[in-house]
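Here you get one chain, nothing else, as structure tokens; it is the form predicted alone.
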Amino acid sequence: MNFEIDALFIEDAVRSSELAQRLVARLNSKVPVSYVMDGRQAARPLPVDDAFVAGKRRLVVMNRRSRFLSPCPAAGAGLACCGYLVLVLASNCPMNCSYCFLQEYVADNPGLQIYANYAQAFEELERLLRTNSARHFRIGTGELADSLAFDRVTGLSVDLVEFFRRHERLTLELKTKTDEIDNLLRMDPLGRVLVSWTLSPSRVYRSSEHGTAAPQARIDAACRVREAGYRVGFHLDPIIAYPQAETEYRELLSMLFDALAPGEISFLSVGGLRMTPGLRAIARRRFPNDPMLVGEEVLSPDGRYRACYPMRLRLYRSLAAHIQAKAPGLTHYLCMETPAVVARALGTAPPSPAVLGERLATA
């Protein structure tokens, strides 16, 4: 997949960094390069009709001013948590999914930011290991940016795989909606890197996931990296409640299990569409013709709109039964739901974040 960039901005402080030099060398020579004192200013919204989309075409290389490593957003929010740790190496995404939370979250700084001082992230991870001598951790880079969308020009996956290869108690998760795997196929991850894909039925892909790889292309890419020695996982998230949803999500799972044996999949997460009131308003304004954004929803106690509880529960139970029938040994869990919802949907209370996190890190 080739994503187009209109302009490259490099913060003066990182002008000589390896990442900046790499991008200047690999981007098309027609992309103008500007050097700026403060990359945060270059990432501000432009005075255009859709500043979010315009930001996706402006790449800013800069230092990150805050920490790189943080807990999953579900931690501490009263929701069942999988013990996932987020490593923020970039912000925003060149794709344009109608339901994406980044539309609200990075509205004030939509420029595509990539952080040149990511060696500090490795230092944070090593401190984590020193202070937790017996635990395994699953570390993901796909929270605020797709993990692989720009890997062709950044080469960050090479640096990440090299680091995680040396640390047996760390598992790297690269989460993507692309089929950008060429760099990964050149390396041996030694079993310490997991590549995961968000999957949606074709109807949702066509209406809502603009600029992404098709579902079959994502599954095909997963088969290739699996053959190259990587672990693979999948996220059916967000599950969207529409009239054909139950049938089409089950068909999607069958397509997945036809391509990969359940024993070849490390885990499968499931999560329903959830939107803050602000995100809901932004998404409906930007994508007024997307039928996936006009479902019957209620405001949950955590301040997010979700499909009404009986409808959501029916979908979760149907998919759990299908997974159990087709892949009885496959680890699967619900994301961004309360423990009570998890217990009613799956028939058992969720494990603690530490227990589930250890299981997923070593699956």
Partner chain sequence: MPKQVADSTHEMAGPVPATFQQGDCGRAALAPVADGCENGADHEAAIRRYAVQRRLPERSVEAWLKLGAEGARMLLELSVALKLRTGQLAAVIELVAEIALREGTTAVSVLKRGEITSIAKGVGSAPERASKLLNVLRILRYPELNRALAKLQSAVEALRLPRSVTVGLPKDLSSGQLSIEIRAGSLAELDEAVRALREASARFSEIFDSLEGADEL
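Source: prediction; values computed, not measured. Numbering follows the first chain given and starts at 1.
Only in words, not in the display: the form predicted in complex with its partner chain, which the text now covers.
Novice: Judged by heavy atoms and a 4.5 Å cut-off, are Pro291, Glu296 and Arg314 together in contact with its partner chain in the model of the complex?
Specialist: So, yes: the whole triplet contacts its partner chain.
Novice: With the partner left out of view, is Thr338 within 4.5 angstroms of its partner chain in the model of the complex by any non-hydrogen atom?
Specialist: Thr338 lies outside the contact set for its partner chain.
Novice: Hey, in the model of the complex, is Gln324 touching its partner chain, heavy atoms inside 4.5 Å?
Specialist: Gln324: no contact with its partner chain in the model of the complex.
Novice: Test of understanding: in the model of the complex, would Pro32 fall inside 4.5 Å of its partner chain by heavy atoms?
Specialist: Taking the distances in the model of the complex, the answer for Pro32 is no, it never comes within 4.5 Å of its partner chain.
Novice: Would you check, heavy atoms only and a 4.5 Å threshold, whether Ser300 touches its partner chain in the model of the complex?
Specialist: Because a heavy atom of Ser300 falls inside 4.5 Å of its partner chain in the model of the complex, the answer is yes.
Novice: Just one of Arg284, Arg226, Arg250, Arg152 has a heavy atom within 4.5 angstroms of its partner chain in the model of the complex, so which one?
Specialist: It is Arg284 that has a heavy atom within 4.5 Å of the partner.
Novice: Counting any non-hydrogen atom inside 4.5 Å, which residue from His210, Arg165, Arg280, Arg135 sits next to its partner chain in the model of the complex?
Specialist: It is Arg280 that has a heavy atom within 4.5 Å of the partner.
Novice: Tell me which of 47-55, 300-308, 62-70, 327-335 has residues with heavy atoms within 4.5 angstroms of its partner chain in the model of the complex?
Specialist: Of the stretches listed, the one contacting the partner is 300-308.
Novice: Does anything in 29-45 come within 4.5 Å of its partner chain in the model of the complex by heavy atoms, and if so which residues, in order?
Specialist: Residues within 4.5 Å: none in this stretch.
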